[in-house]
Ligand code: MLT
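A single chain, nothing else alongside it, follows as structure tokens in the form predicted alone.
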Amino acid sequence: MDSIVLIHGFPLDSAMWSEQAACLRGRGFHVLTPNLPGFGDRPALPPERTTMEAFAADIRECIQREAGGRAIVGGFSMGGYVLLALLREAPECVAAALFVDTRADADSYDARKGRYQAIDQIRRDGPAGFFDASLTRMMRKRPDEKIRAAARAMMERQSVEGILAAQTAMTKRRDQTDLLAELTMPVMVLVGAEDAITPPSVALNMQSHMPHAMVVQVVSAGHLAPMEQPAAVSGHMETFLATAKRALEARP
């Protein structure tokens, strides 16, 4: 059975993949949706140990323990940063890569400044205002209120310690653009057509470094495409997985 590991984004947990996991399991795939340390039911790592590389090591252990040491791996937003760190540190674990609403370059000065301001806001006032602002940026221009409420509830169950540690870790992540040209496995880059955080231009820039990659835009979706358009995202994933499987089977 083919194993697929889906890495959630920030400040969410593995439940964001519930629709895709159910769909792919129904097609016979072995789907793993682990929570990263500090999210879901898992305690946070100490702040000084919270890095994209530490998260990647955690995913590597999951693949070794539950997927026989190799899997198709997808990452959404921060999960994409974790996937890139995994590809740099342990590429042998990744049979094919799926980047969802994410980017390879490091934070710009303004983005890093915004993260530090958010950290100060959360410490001073709690996370409620941060969640509201995040959802406004993450969703399409005319959001579905039920999906917004579900995403907000998911955010609210995350620990403040985990949120602060991960936010700080993202300010320190390295630029991984150079790694893209080295990827020879099947790759798909999926992006919401209305994504204001990592817009389609970012996805196309990623593809420019790996011309073999498949790029897909999801209509009527912002940054939170897997939750905003779950059926469409699941369908694109199925298409990619079928293509990746053929490509992998054809290799000597």
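Residue numbers run from 1 along the displayed sequence. In this text the structure is predicted, and so the values were computed from the model without any measurement.
The protein also exists as the form predicted together with the named molecule; that form is not presented, and the subsequent description refers to it.
At the 4.5 Å threshold, heavy atoms of residue 115 reach the named molecule in the predicted bound form.
Using a 4.5 angstroms threshold between heavy atoms, residue 99 stays clear of the named molecule in the predicted bound form. Residue contact check for residue 240: none of its heavy atoms lie within 4.5 Å of the named molecule in the predicted bound form. In the predicted bound form, the named molecule sits within 4.5 Å of a heavy atom of residue 78. Only one of 78-86, 118-126, 156-164, 175-183 places residue heavy atoms within 4.5 angstroms of the named molecule in the predicted bound form, namely 78-86. With the partner omitted here, the residue from 57, 197, 44, 213 that has a non-hydrogen atom within 4.5 angstroms of the named molecule in the predicted bound form is 197. Only one of 151, 169, 138, 94 lies close to the named molecule in the predicted bound form, with a heavy atom inside 4.5 Å, and it is 138.
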